[in-house]
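Next up: a single chain in structure tokens, the form predicted on its own.
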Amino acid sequence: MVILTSVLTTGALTLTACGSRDDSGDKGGDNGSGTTLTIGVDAPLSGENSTTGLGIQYGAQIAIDDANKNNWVPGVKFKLKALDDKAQPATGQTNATNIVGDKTAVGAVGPLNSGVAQTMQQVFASANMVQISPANTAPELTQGKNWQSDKKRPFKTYFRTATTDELQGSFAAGYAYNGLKKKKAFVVDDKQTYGAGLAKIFNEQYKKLGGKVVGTDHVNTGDKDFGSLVTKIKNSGADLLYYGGQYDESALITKQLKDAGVKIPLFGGDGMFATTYIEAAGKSSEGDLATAIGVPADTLPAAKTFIQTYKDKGYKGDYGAYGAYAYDATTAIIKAVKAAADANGGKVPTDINDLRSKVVDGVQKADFEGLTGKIAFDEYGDTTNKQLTVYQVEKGAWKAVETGTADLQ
């Protein structure tokens, strides 16, 4: 096997022969010649949000293993570089710097949290390296801070295989009002980019539909005691609690709410769509709901092998939320590398900066059938796949109850 090394002063690549192992532990080889390229992954791999973060890591790993096993790019072996951002923006920025500093790295998958993404985008853009998130949903990441009135793409290097909160929040509002027939909602968020943005959109769309928001409040990530919040919700007369945030806090909120005798469902976004939510909340989670991007992975024929591989490998975390989307994001990068090689006489460009630039262009032109459906990106870097699903906890498990697209009012 030939390993790619770098000449930092010129950005050129040189080849040296030696052995290598990818993160799966399989011995790499391609008949004695080739290059090794790195794809970075950034996600919370420990602590809060790690259940879904690990799903991203291992979704990407399975794509890399498939690419190497099936020789998707002749002469090239891919390896994964997984970094833990602990759901902290500053750590994510440091990890982005680490990835772009690796002169074998051609792209990155992640992060999970939109707030973390905001600190990473400029780093990748400065290096002209592609970044594809399988999970970020904040509209401003692709459409700019004034996205509601004047959409402008801030970074040409940033893409996502997840749809936006504009669609997710609206879809939830529609199901809450028309599907659940809930007319009075109390809206809470965790003050983070993702949670606050999602709650704001739900609030706006729910009221446009005719629903009444009887109260709003905010919590801090890491909070454990929600007694005062529970009292406010109880006194408001709400028949639904909508929560913008992650499963760590929402699981505690729903448990304390039900323990206080407030038997109303908690409805949230994809940040709480994880088995850990049900495990942490226990029986209190019964009847609660969450929206998630795409359609259920286990209903997609192309995803069946992926799911079986994930289980057979004994990977930790939850593949259900973003695993297949991480697989498709990783595949988009690999296919862009192949396109760059095909345009260069079958050889990967030896200048890393040139290769990174061509990968960005290749991802923008992506058009293939992935595990989650068609993979393509619009002029903002957003996925063209706008499918969403509402899940409800039934008998201790998430069950899909509605799939479709948002009807923006």
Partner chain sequence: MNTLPQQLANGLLLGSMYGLIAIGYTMVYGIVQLINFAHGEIFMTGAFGALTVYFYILPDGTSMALAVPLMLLGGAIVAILIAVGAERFAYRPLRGAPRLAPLITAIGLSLALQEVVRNFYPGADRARAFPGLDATHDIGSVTIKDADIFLILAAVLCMAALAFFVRRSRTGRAMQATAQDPDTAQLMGIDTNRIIVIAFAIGGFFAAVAAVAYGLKYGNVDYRMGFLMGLKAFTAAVLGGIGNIYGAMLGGVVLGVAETLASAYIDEIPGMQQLGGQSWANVWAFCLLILVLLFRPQGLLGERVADRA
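Just so we're clear, the structure is a prediction, and the values are computed from it rather than from any experiment. Positions refer to the first chain, counted from 1.
Absent from the display: the form predicted in complex with its partner chain. The rest refers to it.
Asker: Select from the listed residues 183, 152, 234, 304 the one whose heavy atoms reach within 4.5 Å of its partner chain in the predicted bound form.
Answerer: For this set of options, the contacting one is 234.
Asker: Name the residue from 103, 79, 335, 255 that puts a heavy atom within 4.5 Å of its partner chain in the predicted bound form.
Answerer: Selected option: 255.
Asker: Based on heavy atom distances of at most 4.5 Å to its partner chain in the predicted bound form, which listed stretch, 287-295, 210-218, 326-334, 112-120, is the contact stretch?
Answerer: Flagged stretch: 210-218.
Asker: Could you tell me if residue 384 has a non-hydrogen atom within 4.5 Å of its partner chain in the predicted bound form?
Answerer: Residue 384 lies outside the contact set for its partner chain.
Asker: Any of the heavy atoms of residue 312 lying within 4.5 Å of its partner chain in the predicted bound form?
Answerer: No.
Asker: Wondering, does residue 226 line up within 4.5 Å of its partner chain in the predicted bound form on heavy atoms?
Answerer: Residue 226: yes, in contact with its partner chain in the predicted bound form.
Asker: I'd like to check something about residue 47: if you look in the predicted bound form, is any of its heavy atoms closer than or equal to 4.5 Å to a heavy atom of its partner chain?
Answerer: Yes, residue 47 sits close enough to its partner chain in the predicted bound form that at least one of its heavy atoms falls within 4.5 Å.
Asker: Please state whether every one of the three residues 179, 200 and 240 places a non-hydrogen atom within 4.5 angstroms of its partner chain in the predicted bound form.
Answerer: Per the other structure, none of 179, 200 and 240 touch its partner chain.
Asker: Could you list which residues of 189-203 come within 4.5 Å of its partner chain in the predicted bound form, counting heavy atoms only?
Answerer: The stretch 189-203, when checked against its partner chain in the predicted bound form, contributes only 191 at the 4.5 Å heavy-atom cut-off.
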